[in-house]
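Before any questions on binding or motion, here is one chain by itself as structure tokens, the form predicted on its own.
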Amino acid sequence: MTTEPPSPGISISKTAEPSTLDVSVGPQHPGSGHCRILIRVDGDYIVSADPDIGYVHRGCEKIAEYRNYVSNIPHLERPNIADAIHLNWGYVLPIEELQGVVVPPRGKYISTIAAEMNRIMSHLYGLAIMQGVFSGHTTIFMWAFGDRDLFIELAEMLTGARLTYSFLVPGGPRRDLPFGFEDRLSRLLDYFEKRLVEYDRIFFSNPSVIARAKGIGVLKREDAKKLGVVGPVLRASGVKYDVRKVEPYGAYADLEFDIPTFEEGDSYSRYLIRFEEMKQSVRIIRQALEKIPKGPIARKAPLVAPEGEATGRVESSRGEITYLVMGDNSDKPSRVKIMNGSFRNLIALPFLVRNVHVADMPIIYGSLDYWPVEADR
């Protein structure tokens, strides 16, 4: 196993050894999504891998130059419909900075509640795919999607939509907590905490899951930092970094929560880190419901942004998302640049699958929780 991570521009050589075979995984594939992974195999072992992205490129950054600041929100959150709030929030933060708009405290708490609900939904989706599709454990697929739908129903109650919300606009969220929402959410959290115990007993402590994922695709701490991975992938390698702690936004500075980490850096740790993060999301939401202040939820923002540039960073379900927004005294941004967790984490794949069995590749790929559309944007 190589000890040095490859450069991001790794590609498969056109000259193959007589004993090797090139295999195309995807782009039409039930696991990889619209992403092709060209692997070179020698028998049952992977010699090298080259992720081929771009099959669902939408040109979101260029489109943003032709739409005003608010009308950009729906299409900028759609690259990852499983984690729409974070893509929405990361874009709105730099606009508010340019415009000098400060969101009222109640609006920050509502945004934080919505974001942590979305984190739980996204992690449940990822665990369903990782264990349900890649590991063949169909029970968790049904369990996770069933529990996710309960959170989706409450998200619809709050925002008016099930998946793509366009809920946060410059100045704050679009609506206040509806009547009965806090009680329903509290009861759902009570139920979900009990379910997490069952998830641990049936899935995460399952010998077959441990055998398939433990010790597979190890990403050591130093390699994780060199490759620049983010989010759960980084924390599963022992690096305790989370934008919610390093550069707090929303109501996170007022709330107590831990940043789970593991030292092993294997696929099992990357599974488990998301399980632990859902526990922390429950903890954050409970505190936010208890501490949420009264008052206005938003302030009116101007239609234009002055000349200048600002960045916004949020800790999405797949890691740090960074937006650069440039204003030019008009109602449209002159430039929008996005860097997201899916793109940064996929860089680790060629390094992780070298010299592993072909059957281990889906486990490793699934543990990265890669979302092709988010990377292609």
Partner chain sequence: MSQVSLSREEAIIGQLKARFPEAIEETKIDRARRVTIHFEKDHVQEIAMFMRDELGFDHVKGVAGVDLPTQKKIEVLYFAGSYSNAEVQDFIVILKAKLPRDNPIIASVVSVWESAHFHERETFEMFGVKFEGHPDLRKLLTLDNWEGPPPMLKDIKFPEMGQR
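In this text, all values refer to a predicted model and were calculated from it rather than measured experimentally. Positions refer to the first chain, counted from 1.
There is also a form predicted together with its partner chain; it is not shown, and the following applies to it.
Participant: Would residue 46 count as a contact of its partner chain in the model of the complex, using a 4.5 angstroms cut-off between non-hydrogen atoms?
Facilitator: Residue-level check for residue 46: no, no contact with its partner chain.
Participant: Indicate whether residue 292 is a 4.5 Å heavy atom neighbour of its partner chain in the model of the complex.
Facilitator: Result no; residue 292 lies far from its partner chain in the model of the complex.
Participant: Evaluate residue 247 for contact with its partner chain in the model of the complex, applying a 4.5 angstroms cut-off between non-hydrogen atoms, and reply yes or no.
Facilitator: Contact with its partner chain, yes.
Participant: State yes or no: in the model of the complex, is some non-hydrogen atom of residue 228 no more than 4.5 angstroms from a non-hydrogen atom of its partner chain?
Facilitator: Heavy-atom contact with its partner chain at 4.5 Å: present for residue 228.
Participant: Using a 4.5 Å cut on heavy atoms, which of 97, 254, 182, 264 is close to its partner chain in the model of the complex?
Facilitator: If I apply the 4.5 Å criterion carefully, the residue I get is 97.
Participant: Going by its partner chain in the model of the complex, which residues of 232-256 come within 4.5 Å of it through any heavy atom?
Facilitator: Contacting residues: 234, 239, 240, 241, 246, 247.
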